[in-house]
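Next comes just one chain, in structure tokens: the form predicted on its own.
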């Protein structure tokens, strides 16, 4: 089965979706969308350093993503607004990474593959690396789920429950860095944040509990990956952007359905019952 490149791409995409979507729920709840974007943009710098030092690209991206996320967490609230700090660090890391890549001599690198993903080039080794990273992220979320939810609701509630919000922030930081590292080859640096946010935002209006939202978001992400792969194959379009486009279409449909249902409840339903009397 793994000898077929489409099956390898499908497995890699589904694995990344299983980890990115539940983690994306916390990104949405905590309003950390720009935080995820900043961490993803730093991945290009990790690629450049990995090639320069002749080490695994996964290791280089993971290290730089961890450093970026940790720096943002430590510097927040120390003289700069969070959105300003994230804006400076995100675009600076991306620019420095692109400049660093241009200085690499004797190394042929396809920037488009890192910026927008190259899921069809996933090999057997990549699948094992992605699987290990996804297993780590899911284990972290399962282990710290209750504490993460409490810290997300309120720092005061977390302290009252004996939970350190800073520690839970570090857990999310680690999970986010791992997802960025494993998703690099699937959707690329510029679209990783979309895979985190869009499925969670799509699932949110239909869920009453955090657990259901995480499960539904994972299902939406996996649907976007499988449908996006098929669409890209049939229409000969870039795979990573096609996956995100399908996710955006699902978000649009969910928004339309939600707004129509809300309009029905607020306008049509009261009028119907009133006329019935």
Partner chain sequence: MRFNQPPDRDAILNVRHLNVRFGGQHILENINLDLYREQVVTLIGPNGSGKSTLVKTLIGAVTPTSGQVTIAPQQRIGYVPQRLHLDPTLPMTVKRFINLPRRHPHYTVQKALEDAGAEALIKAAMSELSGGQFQRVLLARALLTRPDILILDEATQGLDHRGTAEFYQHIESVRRSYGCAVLMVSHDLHVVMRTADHVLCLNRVICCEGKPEQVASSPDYQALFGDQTAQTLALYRHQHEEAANAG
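If you're wondering where the values come from, they're calculated on a predicted model, not measured in any experiment. Positions refer to the first chain, counted from 1.
What follows is about the form predicted together with its partner chain, which we do not show.
Listed stretches are 60-68, 46-54, 28-36, 238-246; the contact stretch with its partner chain in the model of the complex is 28-36, by a heavy atom cutoff of 4.5 Å. The contact residue chosen from 163, 134, 141, 85 relative to its partner chain in the model of the complex is 163, the criterion being a non-hydrogen atom within 4.5 angstroms. A heavy atom within 4.5 Å of its partner chain in the model of the complex is found for one listed residue only; from 73, 146, 112, 102, this is 146.
Contact check for residue 167: no non-hydrogen atom falls within 4.5 Å of its partner chain in the model of the complex. Put simply, residue 204 is close to its partner chain in the model of the complex: some heavy atom of it is within 4.5 Å. Its partner chain is not shown here, and in the model of the complex it never comes within 4.5 Å of any heavy atom of residue 92.
Looking at residue 213, you'd find a heavy atom of it within 4.5 angstroms of its partner chain in the model of the complex.
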